[in-house]
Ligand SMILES: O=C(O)CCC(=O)C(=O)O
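Taking the form predicted alone, here's one chain by itself in structure tokens.
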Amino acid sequence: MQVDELHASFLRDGYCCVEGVIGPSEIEAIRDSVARDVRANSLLPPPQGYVPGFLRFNQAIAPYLAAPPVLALINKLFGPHARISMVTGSINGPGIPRGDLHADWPYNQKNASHIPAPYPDSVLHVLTMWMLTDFTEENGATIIIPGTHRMSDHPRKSGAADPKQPHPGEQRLLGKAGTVGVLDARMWHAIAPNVTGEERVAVIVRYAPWWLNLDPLRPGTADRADIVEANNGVESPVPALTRELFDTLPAEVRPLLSYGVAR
């Protein structure tokens, strides 16, 4: 699909898939490297693997973060000077249960730093899922509900939908390894059960426009202290990259990550 088709699909449905971003000859080595370092550094016990600030531990995905088909779509949504807000290593292991339906930061009303509902009908943050294994019904491909990116609130029991219950409009984000699923952060989605004996491995990369305030996610900032920590917020921290690590990254990727370098 060309960027205009991807853009139209994204605006209509709340998501689209960019296929073949990572080639079949490269995917196995990247997957094995990512899975190893997610297991070694996960903040959550198996069957889930969760590593925020993943580039600190593993840079296998770094050469692809400015891949033209992905970045063209991001630039069409946000204009110039977009940045990467978060990079998270992820494993959904065998036996992982279904999670709650939710919208992502900054829309999730459970976060201390959130846009109050009803929130505006505008794309402010984009979630991308870099599929390092096939995403299938059986191995826990993410549950998504197309069209919910136009809702003015995230799912909650007192609102439009109980987050713990299946939704009649839900689907799965299916794709072959090497595909990048691109989601509006407003779209309702959930962890899906993995009923296979194999891990579902991904790197989750979020992109933001230059004007979106990311400081509530950054340890050591005034906004993190005043908005999140002072209110016992649950937002995962996004630790800064060291200058030494940043300087090893591909030149075309550095502009996307320069905001997150330790000062």
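Residue indices: 1-based, along the sequence shown. Given the structure is predicted, the values throughout are model-derived calculations rather than measurements.
Below, we refer to the form predicted in complex with this ligand, which is not included among the displayed structures.
- With the partner left out here, this ligand still marks one of 24 to 32, 52 to 60, 201 to 209, 226 to 234 in the predicted bound form; by a 4.5 Å heavy atom cut-off that stretch is 201 to 209.
- When you look in the predicted bound form, the only residue of 161, 84, 129, 151 with a non-hydrogen atom within 4.5 Å of this ligand is 129.
- Listed residues 191, 177, 112, 123 were compared with this ligand in the predicted bound form; 191 is the one with a heavy atom within 4.5 Å.
- When this ligand is considered in the predicted bound form, residue 92 lines it closely, a heavy atom lying within 4.5 Å.
- Proximity of residue 133 to this ligand in the predicted bound form: non-hydrogen atoms within 4.5 Å are absent; the residue sits far from the partner.
- Contact between residue 184 and this ligand in the predicted bound form is not found at the 4.5 Å heavy atom cutoff.
- In the predicted bound form, this ligand lies within 4.5 angstroms of at least one heavy atom of each of the following residues of 100 to 115: 102, 104, in sequence order.
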